[in-house]
Each structure stands twice: as C-alpha cells, then as structure tokens.
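One chain comes next, on its own, written as structure tokens: the form predicted alone.
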C-alpha cells in the first residue's frame, strides 16, 4: 500500500474460506463485493506484489483521491474473490478498478481514461447522475434491457425517436420488429398463405361461387391497428415498471451526458452512470437518381395506404424475398432484381431452392442487374416509374415500368449521428457497427450496446431481447450469465418457409473441411399438399454433422410449411448437444413435416454436378424405407 497521502483504506470481505464455495455462499460473496463496489468512490482489487497495482494506487494518490483496496493475496479467500470478480467484470487480472460504480478495467485502461480526461470526469460526477441507466433506442433489445434493470431496482430512462423515412413514414415505440419488421411481415405472409389455402380448399370439398379478391386497404388497416395496440402495451409496460420514457432523439454531448431533442426541437440534458446503445438499423438506399424521391423500403411498405401494384423488389436479402413472396401471394405482378446471390450468409443450396419455388409460382427474377436510375412517368397512388438497370457482367442495360419500386439491399446501423465520437466510442467506419467484448461493453467502460448495431452478431429480435435482459442483470449484480450467440435459429418467411439453425454447408466446410462432415438430406411431400395436388418434389431437409465430434449436428435446414415451428424444436435439441444417433433414435410424430427431418439420408459421395442428383438418390432410399401410411417423399421423374 502506498505511503503517499491520502492512504488507501484496506477493505474486507467475508466468505467461506479457500475451498470452492457453495452456490449460496457464492451469491453471498457476490453481494458483498457489489457492496464494496457501490459503497466506495474508488475501489481497487489488487495484489500487494503487483507493479501495475502499485502504479494505479500511486495515480489516485497523486490526484488526491482516497481509495479502498482489497489485496487478494492478503486474504484467505482471495482466489474465490478473483473468480467472482472475473464473472462480474469479465476481467481475470488485477488491478481491477471501479470508480463511482463504473468498471474502469485494469491499469492500462485507467491510465488511458486519465489521459483522455474521462477518469477526472467520472471522479467529479461523484454519484450525482440523474439515472443509473439510460437506454438509447426503444426497440426489442433496448426495452428488454430497460425493463429488466427497472425490475432490479435501478432508475432507468428510455430515449426513443423515429426519424421519418424519405417518404415521411414514422411509427411508435417498439422498434423495427414490431412496427416495420417481423410482426407486419408475418401477418402479410399469413394473408398470402390464406390465399393459397383458399385455392387448396376446393380440392377438399369447399364450394364457393363468388369471386374472391384481396383488399390491400382492409389488410393494412387491421395490421396497423394491431401494431398500435402493441405500441401502447410497450408504453404501459414501461410505466408499470417505473421506467421514464422520453420520445426524443438521444445524442451524447460529453461523458455521461446526453442531449434529448423532441420533435419540436426542444432540448433537454440527462446524465447517467451507464448507457446502452440500442438504436438498431434503417434500410439502405442505392445512391442513384430517383431512389429517395420515388422508391420505398420496408419502412414504408407495411403502412402503405394503397396497393403497390406491379412491383420491382431490388435486392436478394431475406427482407427482399419475404416481401416479394407475400406480394406475389396477394396476386401482384412481382419482379426481383438480384445483383449476385440469394440470401447471402444462408445455405446456398437451400437459398436456390427458395428462389426456384418462388419463380415457379409467378415471381420473376432479373439476375446480375443493378438499377442506375429511377424516373417518375406518372404521379398517383401508386403511379408509374421507369427503372433503368445495368448488367453486372457487361455493358447491357434494360428498362422496365413498374408501379412501385421496393429497395431491400441491406441496412445501415444508426450510430453515426448520436455523438459517439464526442465520448470516444469506436465504431466500424465502413458499416457503423459497434465492436464490443463478450459482455456487450464498448471501448468506453460505461457504454454498452445490444441488438443490430453490434458487429459480428446476428441481427434478430430474440437475440437482442436475450442480450438486453442478460446485460441488465450483469450490470446490476443479479447474474453473470452472458448471451450465447452460437446456433441461433431463424426462419425466412418466404412462400415456402426456410428454417435453419447453426452452420450453412459452406460455413461448415470452411470451418471443419468437407472430409470431416457428413451431410444428410431428404425431399418430402407434406400430406396437406397431396390432395391439393401441390408440388411433390419441393420440400427439403438437410442435416450437417461433424464426424470429428460424434456426428454432432452443427447445421439444421428445413424448407417447407411451418418451417419456423419445426426449427424451434430442433434448435433446443442442438443446444443440448444433438447427434445424428439421437436423431435416428427419436420417434417421429406422424404425419408431420418434422418427421422427415429425423430420417434424412447421407449425400452420395462424391456428389454429382447439379442439385437434383444427390437429392433424388437420397430421397429414393427414403421412399423405399417408409411404409405406405407415412409422408410420401415422392420424386418427380
């Protein structure tokens, strides 16, 4: 301990000794450590012989700042204390330093904070922050984090403001998923499925003579009414938990301080001990003449007050294909313009099957073209637009006339205009994503991030909700659990749904090499499709196993009705360490679309060129093996 003034005070923490404590004792140890952190202006966990610890003590002494010390080598339970500190902070080394409840980190980060002025700022603020936590962004991740922190007794604020799209569209509390993403997308997908069910129903004996047509305005009004009820529910939920909700645009102006600007331009300033960035993403534009003036995005589509008519969808992302799919299912003339591949990042064999099914059911594809200009030919609702596009493989250009052009070419993180540069938070300058460690902490100790703004993490609502909830628990001492970002299931709600969990075949090959993989797959024909006379060589399942790990299932892919419902169950099994043997030993539910996933056969080796060969070989064996009462995996020969 340094002799310079003021001297550091030695802290004590009681725990059950040197052996590994019971779960109850560990929780008691955690509580006592948090009391030390929250009860002292400066709390240093160190070891008496560590030179880095000595430097930090000298720094605080030179600043005239009193500090408390717990020398881990001087207490009987030092090893248990250090292990618990590692769980709380994700830092395994000493010194481990907290200033006014903010985890500064170790020696280097504390000196960096001193040089930048951040340390002095945190010291000066004492504990006079207005809030324990301010969340910037009222989407799924931000709301999850805010509500959990409030449940744990913290004073919390949510700042949320939707900047209108170029077409003037804005929405209420809840973020992308609720307002312009998952919820309206799934409901419009359901509307399209109901159209298909109507056509199927005649084969099942339903007779109706009147003409059946779809009314866009009726559908959008009903969907927007439902979304409005969700918006109100979120506001009520925050109010019930004591979370302050402010409908203003949040922007950092200095350390621990944000400026909130409402729609009237009025500015208010708030301070907080910690911040969570959960601002999400917005659709990207092409940067060509006419794109923002005449095109729409998913921000606008779900509340569009008129039927979009003949539509060009630009892009090949899941957003593009989902929107193209339900628009075509509602009876519209739809074309998809694709720059390169479908569903980048997903299994490409399955992605091409998705595209093939859509094409067979009326969606047109323009491959290897990109728009270069959009011109308005006629005003109206929807009006007429002329699109000029250029080939990506040569000088060829084409033109087409559409009523609506929907851009779905990707999304940009909303991180560039919230003042992050003023407090030193680093972002990826190329895409605006925020790099974080495995506890969602940025390079600035009191700033965290969750959701779609994270670099290298899945952009999915349930992921953001889980990460936000666990972050709040860690920040406020209720848990040390981290979000597991591996083997997260998802579903693409195209007309033929695509559910997946784990690795694509391409990614699995990259990580484990092809010779170490066994790929099982099968075609199947849903029973519901047989009487209706629908496609009998289309639905598909693929299981990817790691031969080096007892045939562990590392990739699950299914293409068919209700793929999301099927995938959710298999995802839980994969979380528990599912192997091919366990799949083989599982008795299926008959007749269901999940049943064939248990009986997928191996790919022939080496595979033949093209897609049909290996699938037919695998499926032919399945047809031979299955009895006449089971789902027939019939081949089109």
Partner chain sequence: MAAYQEVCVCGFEEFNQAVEQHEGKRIFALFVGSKDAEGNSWCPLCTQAEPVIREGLKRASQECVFIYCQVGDKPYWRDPNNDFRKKLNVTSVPTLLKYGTPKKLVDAECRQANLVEMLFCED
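Quantities reported herein were computed from a predicted structural model and do not represent experimental measurements. Residue numbers count along the first chain shown, from 1.
Although not depicted, the form predicted in complex with the partner chain is the subject of the following passage.
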query	finding
4.5 angstroms heavy atom contact with the partner chain in the model of the complex for residue 239	yes
4.5 Å heavy atom contact, residue 229 to the partner chain in the model of the complex	yes
Interface membership of residue 235, the partner chain in the model of the complex, 4.5 Å heavy atom rule	yes
Residue contact check: residue 263 to the partner chain in the model of the complex, 4.5 Å heavy atom	yes
Segment that reaches the partner chain in the model of the complex - one of 239-247, 205-213, 78-86, 497-505, heavy atoms within 4.5 Å	239-247
